[in-house]
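In the block that follows, a single chain appears as C-alpha cells, in the form predicted alone.
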C-alpha cells in the first residue's frame, strides 16, 4: 500500500437534524464583516431561503446548479465578489448552501479571492498558493463528498477537461451537516448522487494508490450505502438520509484516488452535459468487465428503488462526439493509472473506449 500524503481534514462540523438553526451563530462568530451566501436556486421559493441568517449588508446569490459548474461561472462570481469588496464590503465568510456544484463553486470563489488570475489556472494539484477566504459548507444533498474534499471540480470546455482545484486551501473551514435539508431532494437525484459515494469507495479501495486509512473509510461508507439502498424501509426515510450524509462525509475523505468510473463520467459531463451522479451510473453500467460485482449491484439498487437510468444516451452521436468522449476520458491519467496501471492506454484503446460509450 502507498504512503499517505500529509493530510488535512475539515477542522470543524456541526451534525444533526435541525442543525441548520445554528448557521447564524457560526456566521456571527466570524463577524464583523459581511457574509456572502451562495444558495442553490432550487430553494428560491422555499422556506429555507427565508431562514438564512442574512443580515443587512450581507449578500445572497442564487446559483443555477442544474448543470456542472464551469470555470467561467466561477470567474464571474469571483469578479462580482471582488467588486463588492472594492466597493467597501468586508467579507467575514462565504457560505455555500446546496449540492456538490454549489459547494464546489463556493470553494473555488474563496480560492480566487486570495489568489490572482482565473479559475482554469488552478485546475490541477497544489497550484493554489495562498490561503482562501473563510468558508462554511451546508450540503443539501448527500453523496458527492464536496463538503469534505480538498478539491472543487469545474468544467473547462476550452480545454475539454473536467478537473478540480486540488489543494488543502480548498477545504471548508466549517461544515453544517443537517440531514433534514435533503428531504426535498428529487428521488432519482438522491439515488444518483448517493451512488457517487459508493463509487468513491470501491474505486479508491481497489486502486494502486490505496492505504489503510482509505480502506477503512471506504468500507464504512460502502456498508452504509448498501444499508441505505438495499436495506429494509425506504431510502429516503429520516434515518436513511442521516446515514447517507455520514456516508458522503466518510466517502469524500476516501475519494482521493478514484478509478475508471469517474473518468468515463467526466467524458459524459463534458460532451453531453449529464450531471455527475447520473453520469457515474451510466459509466458503471457498462464497466462490468472491470467492476462486475459493483455493476450488478447498481442494477439491483435501481430496480429495488424503482429509479430508471435512461438507455441509449450515446445512440445518435457523431464520430466527432465519440472522439470528444474518448479525449474527455483518457485525459484523466492519474485515476486511470490507479485502476489499471501505467499502461492503461494499452487496455483503454480508442476503439475500446468508444465501444463502452456505445453500450450506454
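Residue numbers count along the first chain shown, from 1. If you're wondering where the values come from, they're calculated on a predicted model, not measured in any experiment.
The following text describes the form predicted together with another copy of the chain, which does not appear among the structures shown.
Proximity of 44, 67 and 302 to another copy of the chain in the predicted complex is absent: no residue of the three has a non-hydrogen atom within 4.5 angstroms. In the predicted complex, no heavy atom of residue 341 sits within 4.5 Å of another copy of the chain. For residue 272, no non-hydrogen atom is located within 4.5 Å of another copy of the chain in the predicted complex, even though that partner is not displayed. Contact check for residue 212: a non-hydrogen atom falls within 4.5 Å of another copy of the chain in the predicted complex. Although the partner is absent here, residue 349 is not a contact residue: none of its heavy atoms lies within 4.5 angstroms of another copy of the chain in the predicted complex. Checking 250, 94, 195, 260 for any heavy atom within 4.5 Å of another copy of the chain in the predicted complex turns up a single hit: 250. With the partner omitted here, the residue from 62, 331, 26, 49 that has a non-hydrogen atom within 4.5 angstroms of another copy of the chain in the predicted complex is 26. Partner contact region in the predicted complex: 239-247, out of 260-268, 137-145, 239-247, 122-130, criterion any non-hydrogen atom within 4.5 Å of another copy of the chain. In sequence order, 211, 212, 213, 216, 217, 220, 224 are the residues of 209-224 having a heavy atom within 4.5 Å of another copy of the chain in the predicted complex; the partner itself is omitted from this view.
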